[in-house]
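Only one chain is included here, represented as structure tokens and corresponding to the form predicted alone.
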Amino acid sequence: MATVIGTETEFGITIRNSPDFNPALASGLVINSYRGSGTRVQWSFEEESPGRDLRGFGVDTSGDYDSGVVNFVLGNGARLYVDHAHPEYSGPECADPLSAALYDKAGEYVMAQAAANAGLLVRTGEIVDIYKNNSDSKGNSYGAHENYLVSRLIPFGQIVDYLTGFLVSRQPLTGAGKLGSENDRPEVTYQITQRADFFEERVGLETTLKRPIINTRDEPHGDAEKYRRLHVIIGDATLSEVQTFVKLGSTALFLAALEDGFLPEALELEDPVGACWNVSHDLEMMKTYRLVDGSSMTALDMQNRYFDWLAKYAEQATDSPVTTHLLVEWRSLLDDLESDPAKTADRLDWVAKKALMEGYVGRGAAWDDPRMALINLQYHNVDPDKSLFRRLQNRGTIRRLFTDSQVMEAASEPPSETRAYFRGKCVTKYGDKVVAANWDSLVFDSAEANLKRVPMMEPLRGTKALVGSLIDESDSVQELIQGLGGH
């Protein structure tokens, strides 16, 4: 399975009853209001180059730009900051999809705490609301991105050929549900995903316009000779813990099998962009999509084919209990979607939200009733007192993988099996002595003439096993640097 996984979520934001609401300023207020473990620090863009393209071209935009961004590195190794007009939580690097799902869920807790604190600072009558969703229903879509570490040895063209069909067909497993359609797509009452309508190309570099199914940003956040960071932008911000686990785990397992040369063939769609929004609009999941070999399959047919291949791969390649758990959950979802999609309301956001809306329809409401738009939004509110998702979860209607105490702990404690452990523990213990950070380095003020940069180019180093004792025993940054070799 892909060894390192992480998520990035741009949250929707509004301040109700605010006549001069500015989303960028409101996002800054929320981020600055967080009081959990971590430290405000300059984000170093020295090694970042979002304009570099995996296809071998693009603009190298590396450098220390955007240094005024409100930015925190949290004690759990995550990054909390303002991304244009959205508060964003970028989770720490995790060594398996179950851990990645937990730290993604921790981001909701972090944002809820930040929003509650910000609510104490606004004017009387104003209310700060944060939503883990992907669309404001006014033509704007914002991302929930997944990141997977893969070998640089895999030809990028092979990734495109194999992964496109997988990402398009997985949407019934990854959708958060959406009322209506946008971006000049055909009118629908309700659809599976919030993101599909906004995808317009098969392959490309953009993330905010002409969005591609396969994103080509070449920014590995590690040793570029060895690794790619596959940046997946087609997927919804999911609240269901089971759904997030299956979304991340199935994709990680797919990439591991591709890396090992195990997948027998690519299921290449003849029209992947058209199929992308058609899959989302097909609530019965019965439409077939033509492949380049002349055959046709439904999205669930494709997912069942992928599941069979990857289950066989897992038998040979891993005995991980996390993978075993993943295959059980994935198989159960596919079986229930085929027999009766309503059975998945305890695990899939789009089905759970649809059931809530159908309850109002059954009592005489129309789909264009304003209450429907409110349900569509309030399902995603991160405030546990306002969230319709949380209400279902508290009733036991939606299954959980984690307890509240596990989520709260993950909001402050880093994963132990990646470099996120070193990052998180350092900002907690040494505070303002960490003067700059990015994913693959920390910069310390060690009271010497020059600042000390500690590179972290290997995501599976900097773990608790490797540096835990050193951090515990180093009372100062000077002792830490010396223990690391003094360089």
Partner chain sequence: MSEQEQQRPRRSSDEAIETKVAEIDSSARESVEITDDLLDEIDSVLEENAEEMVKNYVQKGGE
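Note that the coordinates shown come from a computational prediction; the quantities given were computed from them, not determined experimentally. Residue numbers count along the first chain shown, from 1.
Form predicted together with its partner chain: not shown, discussed below.
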{"property": "Stretch from 165-173, 402-410, 101-109, 128-136 whose residues place a heavy atom within 4.5 Å of its partner chain in the model of the complex", "result": "128-136"}
{"property": "Its partner chain contact in the model of the complex: Ala355, any heavy atom under 4.5 Å", "result": "yes"}
{"property": "Its partner chain contact in the model of the complex: Thr14, any heavy atom under 4.5 Å", "result": "yes"}
{"property": "Arg202: touches its partner chain in the model of the complex, heavy atom cutoff 4.5 angstroms", "result": "no"}
{"property": "Glu315: touches its partner chain in the model of the complex, heavy atom cutoff 4.5 angstroms", "result": "yes"}
{"property": "Output flag, Val82, Gln113 and Asp260 jointly within 4.5 Å of its partner chain in the model of the complex, heavy atom basis", "result": "no"}
{"property": "The single option of Gly222, Pro272, Gly75, Gly143 touching its partner chain in the model of the complex, heavy atom within 4.5 Å", "result": "Gly143"}
{"property": "Heavy atom contacts to its partner chain in the model of the complex at 4.5 Å, residues of 296-311 in sequence order", "result": "Ser296, Leu300, Asp301, Asn304, Arg305, Phe307, Asp308, Ala311"}
